[in-house]
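Two forms of a single protein chain come next, each set out by itself as structure tokens; they are called structure 1 and structure 2.
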Structure 1
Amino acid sequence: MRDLAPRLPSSPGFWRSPLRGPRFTSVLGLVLLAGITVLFVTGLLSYAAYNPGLSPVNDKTPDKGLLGFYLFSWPTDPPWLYRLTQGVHVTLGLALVPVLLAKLWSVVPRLFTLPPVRSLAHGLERVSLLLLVGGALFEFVTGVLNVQLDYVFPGSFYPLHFYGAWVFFAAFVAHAVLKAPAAVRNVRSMRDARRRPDAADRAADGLVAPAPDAPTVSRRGALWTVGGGSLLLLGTSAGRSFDGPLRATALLAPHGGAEPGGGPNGFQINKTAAYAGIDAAETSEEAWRLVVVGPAGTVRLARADLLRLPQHSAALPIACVEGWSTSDQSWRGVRLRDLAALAGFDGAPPDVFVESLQRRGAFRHGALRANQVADPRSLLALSVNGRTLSPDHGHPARIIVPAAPGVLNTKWVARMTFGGLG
């Protein structure tokens, strides 16, 4: 027993928790295997939703090279697509935080085992483990900071999170290939009543303490605790993807809790007019003009001119990269394809470059693909829910497009250039 006395983290007796073991670790690992795969896929979809290949203003991750092999033109149907994919991405990511922390805690002894490399397979496993741990912490920390604090991490969130995701997922796949068969065997052995409860654990190298402390909770109890933590985070964040009473349950999430106001304009926003640096004088009926540019030349339209054009309605949500969304709001305004015709495009409408009066923050400009312009529900909205847009919702005019990320639904629109991207 003297040889087992704790000295350094590499000593067998240093780690004394009776909860660690391959079965405990395997259950957590299999949950993460499914969850992180969904996170990775929905994250890639979120990046595709920005149509980064369309214009540099949409591409916040330049020089991605082969990593952008999967990009495609983002569709407009179903109109709630981005609301679903990004809501799942962020809410699931938050819910998996307790599972990730428990998993990292369970394998800490393996980070200190000596010798560091015993074979080629062991060396590959060690490298994948180090990249996995570092990548997981980086991705979850940057993601949570972006959701909770409007991002305070040094550097741009988009490229850091994008490249970090690829590094992390590559390590994750390598580690899963190496460890998944053993994880499945360990979980199956938990249901084998004929097997001694700790037989597999005793045979494991580096996880089970040779001289464990007395248990204060069972491994099953620990798993229930981790699961309860995940359910708590799920229950206090998922509601921000809904309006009404469910939003009030999102106690720990930005854009959760009570609605920001009452009336037709009393639904969630991300940037206020004050934050964006909008001057009320320049958005007044007398001063504001929409500049529309195309083959027919340059047309300047007052808000009254826009109201005289054919008006159309569309019921569409707003969904943001931070994972929050609104339910369908009733928007009314001029179809983008009608503005394209006014600019000189009588046939199929082209892409459009949209510029805002916004002075601060990202996405002061945005580009929309031709399929988004052509959709009859895509509007330059002038009112919402039967009332004129409020300043915070983009008065005098804003873009609303089905299934597009919220930042591409540009507010305080000042200029639209049709066919100016190619």
Structure 2
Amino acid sequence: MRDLAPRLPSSPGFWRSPLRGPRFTSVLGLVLLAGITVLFVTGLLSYAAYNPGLSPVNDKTPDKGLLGFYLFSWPTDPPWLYRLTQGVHVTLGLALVPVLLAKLWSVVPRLFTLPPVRSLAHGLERVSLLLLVGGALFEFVTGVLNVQLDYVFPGSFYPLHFYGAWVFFAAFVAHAVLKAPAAVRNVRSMRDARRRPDAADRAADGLVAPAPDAPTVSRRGALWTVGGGSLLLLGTSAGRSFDGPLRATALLAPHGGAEPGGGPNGFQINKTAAYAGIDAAETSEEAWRLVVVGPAGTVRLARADLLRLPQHSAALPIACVEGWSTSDQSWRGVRLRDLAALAGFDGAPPDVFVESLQRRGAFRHGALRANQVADPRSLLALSVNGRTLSPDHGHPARIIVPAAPGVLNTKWVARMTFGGLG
């Protein structure tokens, strides 16, 4: 008998797991349908949060064309908006890794089915599946590498992850339209014994092993294992969206575990002063001047001058595109709209172009929209949590804007140009 055992993956008998079948695949497929939809929407929101339409410095994908069709002015309320959407995007993405792997495992016999192409429609579907599987893995891999600062992918993260998402999503929608109705039917039939598909139906599906090994785990047990893997990733990374003891639970995730030092400035840093190439000599009281440019001319302000302007406080988080965020920090400094008035905009404040002292980094320049400048909580912060900003948090002065992605909260600000962006 053994000699007759099929040796090639193209023969159905090669596949022995009793777990494979339309039901197992359908449950995982429906979880991914919901989960990936959330990933796609939160991803598009993150793209909009950078206000790429505002200024070329915010736009890492200038040839986006129609793909930017939905862009809107990113709001400043609620102040935790980006913290939530991007935290969900990254943490949910991590938690879906085991579901994606299990789903791909469950359908792998289909990769080898013969004949490879039965009809034009079938051939096209297989090409589409390459975009689907390649696209899903490309998006998950680039995302997982980027949050760990492992920039080995071929190009800048923003265009790769953004355009890759659209290629993937095109295939994902087609796949969902073709398969979701059957998946819903299969999952319903699991609860309703009268609607159990008969043996012929199941065999025609091509996933059920014709000569399965004896089971070592039930289908339910296998699904619980996949769910357990998701919970494990969730449990060891979700804490990086909070400060204190909760962050310590993010055992393996970047920006999890310990805070960078103690004290009022001891919260998470995106880029240190040393990495950004900030020289202590140029941020000293004597050397550093903030240049404010507008219709009223050019104003140069020392840090002491800024401290003589009306000071305001705002409790705001820092939320990074990498998915980590801090709790609210208590910032204190000058309102951006007061600086706009100084530049000659007494009425409604305009957009602003902010330049940093930093030598490198894609966001050493950033643009903020008028609604962000106008928000009374948007500050050029000079201190945080009752203490002068540390060099790593942007001393002598940094931007902090409610709900904006972390990198637009420019640190080590050197120059602000009001108006003239639009």
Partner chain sequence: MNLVRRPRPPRPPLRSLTGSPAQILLLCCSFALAGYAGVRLLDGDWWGVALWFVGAALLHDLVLLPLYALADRAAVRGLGAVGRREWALYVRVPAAFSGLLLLVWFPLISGRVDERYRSVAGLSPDGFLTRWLLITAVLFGGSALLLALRVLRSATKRRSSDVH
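Just so we're on the same page, rigid core means the largest C-alpha set that superposes within 1.5 Å between forms. Every value quoted in this text rests on a predicted model; they were computed, and no experiment measured them. Start at 1 and count along the sequence of structure 1; that gives the residue numbers used here.
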Kindly point out the structure, among the two, that is the form predicted alone. 1
CA of Ala287, rigid core aligned, shift of 2 Å or more between the two structures: no
Core superposition between the two structures, C-alpha change of Arg300 at least 2 Å: no
Can we say the CA of Asp338 moves by at least 2 Å between the two structures when the core is superposed? no
Looking at Leu124, what is the CA displacement between the two structures after core superposition, in angstrom? 4.1
